[in-house]
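The chain below stands alone, shown as structure tokens; this is the form predicted on its own.
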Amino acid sequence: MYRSRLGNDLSDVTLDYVSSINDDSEIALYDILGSKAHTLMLYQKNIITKNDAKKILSALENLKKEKFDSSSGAEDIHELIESLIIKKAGMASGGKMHTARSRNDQVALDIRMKIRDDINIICNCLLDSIEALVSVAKNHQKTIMPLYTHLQQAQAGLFSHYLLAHADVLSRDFQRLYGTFERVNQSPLGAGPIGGTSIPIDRHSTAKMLGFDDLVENSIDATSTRDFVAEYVAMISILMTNLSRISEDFILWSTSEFSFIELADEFTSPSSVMPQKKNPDVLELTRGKTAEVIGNLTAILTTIKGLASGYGRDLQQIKSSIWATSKISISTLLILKSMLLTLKVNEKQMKKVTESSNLIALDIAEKLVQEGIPFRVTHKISGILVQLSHNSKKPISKLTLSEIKKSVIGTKVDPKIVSKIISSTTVVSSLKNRTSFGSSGYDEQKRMISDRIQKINNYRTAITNRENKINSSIENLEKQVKEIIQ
């Protein structure tokens, strides 16, 4: 339909090569909505008649129920929809729908509408996952576990503290996406192919009808820029990287060597030949899908980095990367929530490992500091105690006074003070005494859980308000459409 300048139609092979019709199913409804708003604006500005608007809008309304034929010969969904409108409304009316519009601002519009909806969906899924993390944390405020650095046991901690750490990470993912929405929710419609139009349209009107906060003002920027796509996929890449880290922890902790957790059966797979196996395939796929999303970001950045200003057909190729990224992140978050809420935690094993690992070494050093001894001295004393414990194959708490004396050689520290501190220091006392803001101490867990619950509620209110604003605009648009076509 668009090849009036050219003498021949595309061959089947060439059409298959240039067509994006299969990828465009994700934005078909957005294209219909955008066309409705554009048609209403043309009518309101007296650019087309009410009769023309009625025929076009009636045809668009009927298209919402239609299954689009990918073998139609159209290059993309925009051409297909317009050709169907002309077929249903007639050329005299349907041929006016594309007045003062280009496929360039159409596709930018559709992508922005799709991404903004996906952001809201993902934000809601994020809040569900954060809520699940906080809920499980609430049940494990007394569950002792070792905390790790360099994959080596570092300090005694609580499972709730670990879960809250990831809740905070995902909260930042939420905040990043929430901020990205503001830059996505800008209307490019009416920018034309690149330089605008001489027809007296009202871009602000269509933006309002479709629930946008504002316009992408500059027509070049509106049609040819895809930085908002790169930003969106970059934010999802960071999110997926964070989900991959959780997955890696759970993969390790579900091994027989750790036995800290057990995944519910529905999130594991058996071996084809080894009946004892319970493989964490879902978590492994999360790591793999994270790589795919990072690849999508690389593909998008590589595409747009080499383009001159103005629309280039290269941009067509990034659409499938956007849809795949959204789908992966949404499904991963849905699975994570369910996995967390069905997780079995081996509290006895976690505590056993914690108590057998001399993780009170730092606590002993800090108690000696409170006796007025420089930390670097107490660090050395504690380090020697760990070495003596390792060599004698018994915990620090079982060291004799004569062994403890070896740790203070060359210092003025009374070994009896060290012995007294050792006898009063346990994993439990360590966690009771851990009072620094944001620490893994018992008291801080209650405060942080309460604070996170309040934040989740605030985030939900903010997202609901955004969704309601868009829905209200679309409902009002549909109401205006019905008034004309009835």
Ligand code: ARG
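Everything numeric in this text was worked out from a predicted model, so none of it was measured. Start at 1 and count along the sequence shown; that's the residue number.
What follows is about the form predicted together with the ligand, which we do not show.
Visitor: Tell me which stretch of 247-255, 116-124, 204-212, 311-319 has a heavy atom within 4.5 angstroms of the ligand in the predicted complex.
Guide: Looking at the other structure, the answer is 311-319.
Visitor: In the predicted complex, does L80 have a heavy atom within 4.5 Å of the ligand?
Guide: Contact with the ligand, no.
Visitor: So, in the predicted complex, is D363 in contact with the ligand at a 4.5 angstroms heavy atom limit?
Guide: Looking in the predicted complex, residue contacts with the ligand do not include D363, since no heavy atom lies within 4.5 Å.
Visitor: Does R103 reach the ligand in the predicted complex, with heavy atoms at most 4.5 Å apart?
Guide: Yes - in the predicted complex, heavy atoms of R103 and the ligand come within 4.5 Å of each other.
Visitor: Is M235 part of the interface with the ligand in the predicted complex - any heavy atom within 4.5 Å?
Guide: No, M235 is distant from the partner.
Visitor: A137, L333, I85, V107: which sits within 4.5 Å of the ligand in the predicted complex by any heavy atom?
Guide: For this set of options, the contacting one is V107.
Visitor: Just to confirm, with a 4.5 Å cut-off on non-hydrogen atoms, which of E131, E355, D76, E403 contacts the ligand in the predicted complex?
Guide: None of the others qualify; the residue that does is D76.
Visitor: Heavy atom within 4.5 Å of the ligand in the predicted complex: which residues of 217-250 meet that condition, in order?
Guide: Counting only heavy atoms within 4.5 Å of the ligand in the predicted complex, no residue of 217-250 makes contact.
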